[in-house]
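One chain comes next, on its own, written out as structure tokens in the form predicted alone.
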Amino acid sequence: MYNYARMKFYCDTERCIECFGCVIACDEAHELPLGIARRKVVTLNDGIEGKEFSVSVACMHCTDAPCEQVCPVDCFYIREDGIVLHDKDKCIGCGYCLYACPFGAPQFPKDGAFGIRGVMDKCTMCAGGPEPTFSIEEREKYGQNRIAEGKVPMCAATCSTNALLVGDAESVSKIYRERVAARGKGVQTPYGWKEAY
């Protein structure tokens, strides 16, 4: 039996220049409604010299996805390649996944006149959803399915400094180790590594 590699994101904080190119590329590629941000750039230790850094954050497609564990209607599912997806037709908008996610990935659009929470939206790693691949329904609900086209997610494809990496966990880890060795700083634990892997 073939053993699928697990797909992962990694943002190299030494290379992220806070240009927001990944955020804009994601918004444009999936035609996201106002108020939904599947990807964010967060700056930590803002203004503290020598400690400030930025990181591009979205769903990290966690190995033991806490969102999946708390969902009362089982709208989440994990593909064989490790990509965590959800079914918008099953989601009831309860928000449990938002509280469980260590990265704040789940997004809830404000719906209706009183700002009632709609169904959850999150990064799909450009892998679509449960609808038939390349169907109009898949495109409208989940955005582009670049993985099925054999392409990398739009955010990583447009990262001008190659800070945002995506691929199977072993390949991403190998690139990270090579970069750390080239910098001569020794082993460091990247932001979000423990939570996502």
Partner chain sequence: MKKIYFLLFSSLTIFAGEVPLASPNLAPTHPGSQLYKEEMIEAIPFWNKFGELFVYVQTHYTKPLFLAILIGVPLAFAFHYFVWGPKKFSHKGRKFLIFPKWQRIVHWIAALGFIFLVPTGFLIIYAKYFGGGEPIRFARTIHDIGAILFAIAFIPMMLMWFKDMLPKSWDLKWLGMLGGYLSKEKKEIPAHKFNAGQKMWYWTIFFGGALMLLTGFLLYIQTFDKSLLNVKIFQIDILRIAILTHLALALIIVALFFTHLYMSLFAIKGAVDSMISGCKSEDELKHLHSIFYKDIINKKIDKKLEEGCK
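As the structure is a computational prediction, the values presented were derived from the model and not from experiment. Numbering follows the first chain given and starts at 1.
What follows is about the form predicted together with its partner chain, which we do not show.
*Asks:* Consider the chain as shown here, without its partner, and state which of A169, V152, V57, L165 has a heavy atom within 4.5 Å of its partner chain in the model of the complex.
*Replies:* So the residue touching its partner chain in the model of the complex, by this definition, is V57.
*Asks:* Would you classify D89 as touching its partner chain in the model of the complex, given a 4.5 Å non-hydrogen atom cut-off?
*Replies:* Flag for D89 set to yes.
*Asks:* Can you check whether Y77 is within 4.5 Å of its partner chain in the model of the complex, heavy atom basis?
*Replies:* Because no heavy atom of Y77 falls inside 4.5 Å of its partner chain in the model of the complex, the answer is no.
*Asks:* I'd like to check something about C16: if you look in the model of the complex, is any of its heavy atoms closer than or equal to 4.5 Å to a heavy atom of its partner chain?
*Replies:* So C16 does not count as contacting its partner chain.
*Asks:* Taking heavy atoms only, is A157 within 4.5 angstroms of its partner chain in the model of the complex?
*Replies:* Contact check for A157: no, nothing within 4.5 Å of its partner chain in the model of the complex.
*Asks:* In the model of the complex, does each residue in the set Q69, V73 and I116 place a non-hydrogen atom within 4.5 angstroms of its partner chain?
*Replies:* Per the other structure, all of Q69, V73 and I116 touch its partner chain.
*Asks:* Based on heavy atom distances of at most 4.5 Å to its partner chain in the model of the complex, which listed stretch, 124-132, 137-145, 157-165, 35-43, is the contact stretch?
*Replies:* In short, 35-43.
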